[in-house]
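Given as structure tokens, the chain that follows is alone and in the form predicted on its own.
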Amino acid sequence: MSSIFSSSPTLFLADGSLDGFLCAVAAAVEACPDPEAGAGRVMVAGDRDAAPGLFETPLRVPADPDRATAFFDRLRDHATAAVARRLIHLWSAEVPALAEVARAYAALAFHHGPRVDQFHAHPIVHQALLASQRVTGEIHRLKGLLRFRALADGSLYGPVAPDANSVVCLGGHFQARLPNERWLIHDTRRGLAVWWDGRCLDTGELAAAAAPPVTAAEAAIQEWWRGYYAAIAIPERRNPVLQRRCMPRRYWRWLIESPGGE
């Protein structure tokens, strides 16, 4: 009986944060660096998704920003920056099964280096690439669809409710695009935010609440924009199928010019 329990798989539990996720993946890879031998013996899960089986040994891994950064940098240096970022995308997807994919993918990356993404037929690499593409596709759309509005304190506020936990990934883009503005991107679905105060990019929790009031000038500009959008529209060329493909309906609530715009 003791031999059964001694060979039981270890379930590394993260706290749900990105740092916690990276630390749990790091602990799992360190416990078993062989990508093939680790299959079925080490796993990663978030607290919300954890359901240890009878023969699994749960091990909580504390979130440590320094350890997470060190692991990310080590993976980037051993493979590529794209491979390291893919772990962030797997966390952003918020699909429980992808935590174990991230563990196996990271182990493969350490084993094969930059060549790992060439193994398209490998089931782990295939799953990692597909999940990453879905998340990066949404990030790409939001770079064009996110709408900021001017607030009375002079800052810009951009509410959004993405499918993936992707506001962290949007922060660097808008920091480079709007370096001289103070802005905040609010994920109203998850109660999270990323903001730039002109000096530092930061993230944190922000409870969902009524949208802060905009300035009178912002309200006027929104009205002018809706009028302009309606005036240039050509009814005969209206293509709702293409419109929904380029601007999925789930984002319309936040688009000023859309029927669901606020």
Partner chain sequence: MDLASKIAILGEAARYDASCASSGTRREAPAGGMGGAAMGGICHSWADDGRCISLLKILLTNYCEYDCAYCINRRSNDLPRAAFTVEEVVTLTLEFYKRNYIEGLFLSSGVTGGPDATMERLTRVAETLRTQHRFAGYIHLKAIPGASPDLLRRAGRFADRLSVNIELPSGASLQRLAPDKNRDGILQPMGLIGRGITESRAERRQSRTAPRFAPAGQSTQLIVGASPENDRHILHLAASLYSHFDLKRVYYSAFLPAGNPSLLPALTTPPLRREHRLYQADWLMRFYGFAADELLDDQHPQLDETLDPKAAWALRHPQFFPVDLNRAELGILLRVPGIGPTSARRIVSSRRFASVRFEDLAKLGVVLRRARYFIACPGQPAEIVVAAQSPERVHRLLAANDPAGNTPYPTSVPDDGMMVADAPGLPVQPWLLPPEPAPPLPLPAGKIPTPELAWGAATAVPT
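Numbering follows the first chain given and starts at 1. Not measured: the values here are computed from a predicted model.
What follows is about the form predicted together with its partner chain, which we do not show.
A.B. asks: Name the single residue among 191, 96, 137, 172 that comes within 4.5 Å of its partner chain in the predicted bound form, judging by heavy atoms.
C.D. replies: Of 191, 96, 137, 172, the residue with a heavy atom within 4.5 Å of its partner chain in the predicted bound form is 137.
A.B. asks: So, 36, 78 and 250: all three within 4.5 Å of its partner chain in the predicted bound form by heavy atoms, or not?
C.D. replies: No.
A.B. asks: I'd like to check something about residue 204: if you look in the predicted bound form, is any of its heavy atoms closer than or equal to 4.5 Å to a heavy atom of its partner chain?
C.D. replies: No, residue 204 stays farther than 4.5 Å from its partner chain in the predicted bound form.
A.B. asks: Any of the heavy atoms of residue 211 lying within 4.5 Å of its partner chain in the predicted bound form?
C.D. replies: Residue-level check for residue 211: no, no contact with its partner chain.
A.B. asks: Even though its partner chain is not shown here, does residue 74 get within 4.5 Å of it in the predicted bound form, heavy atoms only?
C.D. replies: No, residue 74 stays farther than 4.5 Å from its partner chain in the predicted bound form.
A.B. asks: Tell me, yes or no, whether residue 178 is in contact with its partner chain in the predicted bound form, where a contact means a heavy atom of each within 4.5 Å.
C.D. replies: Residue 178: contacts its partner chain in the predicted bound form.
A.B. asks: Just one of 193-201, 65-73, 231-239, 23-31 has residues with a heavy atom within 4.5 Å of its partner chain in the predicted bound form, so point it out.
C.D. replies: Checking each option against the 4.5 Å cut-off leaves 231-239.
A.B. asks: Taking its partner chain in the predicted bound form, which residues along 79-101 bring a heavy atom to within 4.5 Å of it?
C.D. replies: Residues within 4.5 Å: none in this stretch.
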